[in-house]
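The chain below stands alone, shown as structure tokens; this is the form predicted alone.
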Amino acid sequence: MAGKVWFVGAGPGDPELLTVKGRRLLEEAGAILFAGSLVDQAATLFAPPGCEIRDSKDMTLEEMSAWLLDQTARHATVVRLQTGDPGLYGALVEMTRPLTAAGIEWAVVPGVSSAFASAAAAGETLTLPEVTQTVILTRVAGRTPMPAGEELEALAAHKTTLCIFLSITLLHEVQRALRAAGWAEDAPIVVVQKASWPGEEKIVRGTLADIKKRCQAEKIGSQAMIIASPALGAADWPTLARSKLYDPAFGHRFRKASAASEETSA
């Protein structure tokens, strides 16, 4: 029988942020194709002795597909180890189509996105009651164009949280788009390079006005997440709108609102 290909999200870089399922599959794998330009090689340390390990950084899509197909003829478990989550900027569909056409079974194991790892590293929340309840995951147009209506300026007009991937070299364009969308010069921005990578993580805090200069000073030019959000810095605000879920005046099926709180809220 032909083997099965698993697309495993390696997470943002720290091998300990692999899911339990992802690690188990690596430990069982007969062959692993990993994104060496992005995934820390330590993630492949879970591979068993004799496992065939290949770095994909010098391969084309066609070569990767051919390698995966070839390995399924020899191994029951074949892993394509991808940075972050396979469903975000990972060419997932492009790699699964040839497998489906060849009758090869495949499945996806999600991973921790660098967007969430960056927020965690910076100690920030991406949503906040009465401030923003929406997170937009996007990028600036580069060699890959943006579809009509998805230009950063249009998305930024919502004034919600933006997690901007693959755009640190176009930070000037991020600044232009946010300004055009009406963001203030003192709007907070956080840039995290190599979120969760042991010994390599960098966190830069600034504003729309100075974030590029601050990133240049720290020599950040690759593998960085840009977060622009009205919720940034909320830990230091003097007051916050209270979450209804934990408010004593708010009842739900697991907890009744307290009578004193009900009278106060009335």
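These numbers come from a predicted model, not from an experiment. Numbering starts at 1 and runs along the sequence shown.
There is another form of this protein, the form predicted together with ligand SAH, and it is not shown here; the text below is about that form.
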| query | Among 224, 43, 211, 32, which has at least one heavy atom within 4.5 Å of ligand SAH in the model of the complex? | reply | 224
| Considering 187, 170, 128, 88, which brings a non-hydrogen atom within 4.5 Å of ligand SAH in the model of the complex? | 88
| said: Please identify, from 93 to 101, 108 to 116, 142 to 150, 174 to 182, the stretch that has a heavy atom within 4.5 Å of ligand SAH in the model of the complex. | reply: 108 to 116
| query | Quick one: does residue 193 come within 4.5 Å of ligand SAH in the model of the complex, counting heavy atoms only? | reply | yes
| Partner proximity in the model of the complex: residue 71 to ligand SAH, non-hydrogen atom cutoff 4.5 Å | no
| query | Any of the heavy atoms of residue 161 lying within 4.5 Å of ligand SAH in the model of the complex? | reply | no
| message | Is residue 136 part of the interface with ligand SAH in the model of the complex - any heavy atom within 4.5 Å? | response | no
